[in-house]
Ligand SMILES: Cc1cc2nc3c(=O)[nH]c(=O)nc-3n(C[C@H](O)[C@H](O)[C@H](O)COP(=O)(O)OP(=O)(O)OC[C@H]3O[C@@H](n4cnc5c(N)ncnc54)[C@H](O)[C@@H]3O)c2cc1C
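What follows is one chain in structure tokens, specifically the form predicted alone.
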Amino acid sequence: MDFSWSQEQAEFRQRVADFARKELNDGLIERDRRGDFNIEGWKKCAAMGIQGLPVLEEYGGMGTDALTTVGILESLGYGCKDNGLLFSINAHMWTLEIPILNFGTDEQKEKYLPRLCGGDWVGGNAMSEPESGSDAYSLRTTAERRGDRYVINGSKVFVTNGSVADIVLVFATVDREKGPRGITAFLVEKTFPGFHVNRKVDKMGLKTSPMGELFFDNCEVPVENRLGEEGMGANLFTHSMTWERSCILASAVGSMERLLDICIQYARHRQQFGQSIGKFQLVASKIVDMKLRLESARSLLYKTAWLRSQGKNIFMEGAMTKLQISEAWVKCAEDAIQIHGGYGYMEEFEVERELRDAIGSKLYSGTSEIQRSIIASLLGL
């Protein structure tokens, strides 16, 4: 496996990091306080081609392979401190664009992908419900076929981008008795009759990534907006979740490197007891541990993306990547606060926000406990 970057790839990664640093960070403290979504930043990222990275050029994307894509997202995470914006972009890409690209009809791809890649539309994915989270397939939202349309009834929670989405991939069952084999996926536009956003959800972190609760009251969805065949929703969800777990935290690896650089600079210049705090073994050890976590997370991310590019099955690797990066990101953010001491706890230094943003990574796309269960089962346990 060769993870070296070509000159073209390296230059693009540097352009993305520079763009993110210059264009996406202004006013972040205030946006975080208000929980505002950076729609201008969203459009700027689309103009750079970010939302279209994994999508074929014929549908408005850049057509990059998985390894190139995660490398670019890593650079984006290094330059951009707005983890909420990055999370919204990743959710948009991996939970909506990829399912359409892999399971959509030609008409669906031509209709939706250019709008999603171009940043004109914001997308989301609605699976979790009030009574079904980790047990995703026990959902209660129903879809009944009535002639040339389906009528959906039910509710969804924890929908990333839900309060601002133009289109949402909704999972519902056409027959509860069939269990997972009755689950079907639908592309639901916000203008469809019966589609309602109940409320915007306030969160501990990732505040600039809007989250909503959705309600479907006899929501009418044309048959041509079914994604895949009836009863294939569980397979579609598993496929997209494998992509999601493998790639959604690529930008977090960039965030971890940024935190490491910040801590090294602080440890070199902060003086206590007549010397820089980096000279104290306990501080230096924390920074060394941050470096080790970063490199192990990056290696697993690159390996999983490379295997995906080779057409290999990455079900276990995806779970390991999600688990490793999320756990490492949280611990690095904790160490960054400890190294900065009281300053790390202050909002104006922008370190405490990193921890608030990182903690959610152990929950979304399957909790750390779920990832461990997946890995254990694939090890025959």
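Residue positions are given as counts along the sequence shown, with the first one as 1. As the structure is a computational prediction, the values presented were derived from the model and not from experiment.
As for the form predicted in complex with the named molecule, it is not shown, yet the points below apply to it.
Trainee: Just to confirm, with a 4.5 Å cut-off on non-hydrogen atoms, which of Met127, Cys263, Ala305, Leu227 contacts the named molecule in the predicted bound form?
Mentor: For this set of options, the contacting one is Met127.
Trainee: Scan Ser75, Thr184, Thr160, Ser240 and let me know which has any heavy atom within 4.5 Å of the named molecule in the predicted bound form.
Mentor: It is Thr160.
Trainee: Quick check for you: of 204-212, 268-276, 294-302, 98-106, which stretch puts a non-hydrogen atom within 4.5 Å of the named molecule in the predicted bound form?
Mentor: In the other structure, the partner sits against 204-212.
Trainee: Any chance Glu11 has a heavy atom within 4.5 Å of the named molecule in the predicted bound form?
Mentor: So Glu11 does not count as contacting the named molecule.
Trainee: Glu369 versus the named molecule, in the predicted bound form: is there a non-hydrogen atom within 4.5 Å?
Mentor: Looking in the predicted bound form, residue contacts with the named molecule include Glu369, since a heavy atom lies within 4.5 Å.
Trainee: Would Phe87 sit within 4.5 Å of the named molecule in the predicted bound form, counting heavy atoms only?
Mentor: Within the cut-off, so yes.
Trainee: Is there a heavy atom of Ser373 lying 4.5 Å or less from a heavy atom of the named molecule in the predicted bound form?
Mentor: Ser373 belongs to the contact set for the named molecule.
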